[in-house]
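Before any questions on how it binds or moves, here is one chain, the form predicted alone, in structure tokens.
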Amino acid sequence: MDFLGNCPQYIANGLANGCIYILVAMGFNIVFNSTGIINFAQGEFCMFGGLLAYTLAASLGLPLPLAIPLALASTAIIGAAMERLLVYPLRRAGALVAIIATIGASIFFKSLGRVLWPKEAYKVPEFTAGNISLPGATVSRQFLWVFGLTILSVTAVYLFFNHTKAGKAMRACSVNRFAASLVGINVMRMSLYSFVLAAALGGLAGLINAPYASYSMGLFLGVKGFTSAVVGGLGNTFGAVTGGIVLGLLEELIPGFLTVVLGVSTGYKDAVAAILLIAVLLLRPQGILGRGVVEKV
């Protein structure tokens, strides 16, 4: 087989996966900027988005144009409830305690998902069925929705943070939460907003990750999203875009090269994210687009 001849297919698949990772990574960045913590339950928001969309569309028979916003709204409410019931009470306990609490929330959400949706996988309705033939590659029509909704989401997040009062307040919290509170910004409210936005983005990633969703998908997407956020630069919106695309492409190109050229099994595909994360932390811990922090001593 010809590796170069297969590259268009690898690139198409990598970009599609990378868009999913971008949405999850942006959720990590939004919460980190506003609260200073890493929400390790971000992947479970993806699970809720996908499985709630399945329940509303497939089980209850609601049309997709109605099921999708309802699934996103429900996931956003779950994010808000998590912030109010878990993160807010721990606001004075320190970032490490809150981070550990999000790990506990992740375990709880996954267990809840296993109770509510016990099967290994559920068929989530695709927005548009069928495939499209491109030069050297074939992609599903769902991938076009993935690309379009990711571009729309990135644009909306950028406009929100740069052209709205709430977005600018959240940016102020990312610079210095104490100083933001001194000028009248309700830091706790910004924390709530960040979890609502992060949950909505995670839910969107989960429901467009068709055609299948399961209670275990949160761990997979959470790891990939966190890796993308760190690779691009934790806390940087466009860093999430860069990290997601880089990870998505490498996950397809490296296993493809190993398989076609060297004859190595593709079972090492999921190791790409771990290796990339370790390499970035060792060589450039601030990420590709992140800036190093200078401290005077």
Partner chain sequence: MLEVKGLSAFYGNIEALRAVDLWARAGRITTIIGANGAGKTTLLRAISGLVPVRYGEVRYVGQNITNLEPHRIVKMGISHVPEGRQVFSSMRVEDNLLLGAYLRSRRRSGGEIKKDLQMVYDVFPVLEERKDQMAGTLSGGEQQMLAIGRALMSKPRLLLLDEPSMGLAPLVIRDIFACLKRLHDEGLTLLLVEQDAQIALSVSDYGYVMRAGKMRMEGEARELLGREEIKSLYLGEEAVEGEEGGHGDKI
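Since this is a predicted model, take the numbers as computed values, not measurements. Numbering follows the first chain given and starts at 1.
Absent from the display: the form predicted in complex with the partner chain. The rest refers to it.
Within this chain, Asn176 lines the site of the partner chain in the model of the complex, having a heavy atom no more than 4.5 Å away. Proximity of Thr128 to the partner chain in the model of the complex falls outside the 4.5 Å heavy atom cutoff. The closest heavy atom approach of Gly184 to the partner chain in the model of the complex falls within 4.5 Å. Among residues of the shown chain, Lys168 is one whose heavy atoms approach the partner chain to within 4.5 Å in the model of the complex.
Site residues Ala172, Ala180 and Met190 are all in contact with the partner chain in the model of the complex, judged by any heavy atom within 4.5 Å.
Stretch-level contact check against the partner chain in the model of the complex with heavy atoms at 4.5 Å: of 160-168, 70-78, 97-105, 197-205, the positive one is 160-168.
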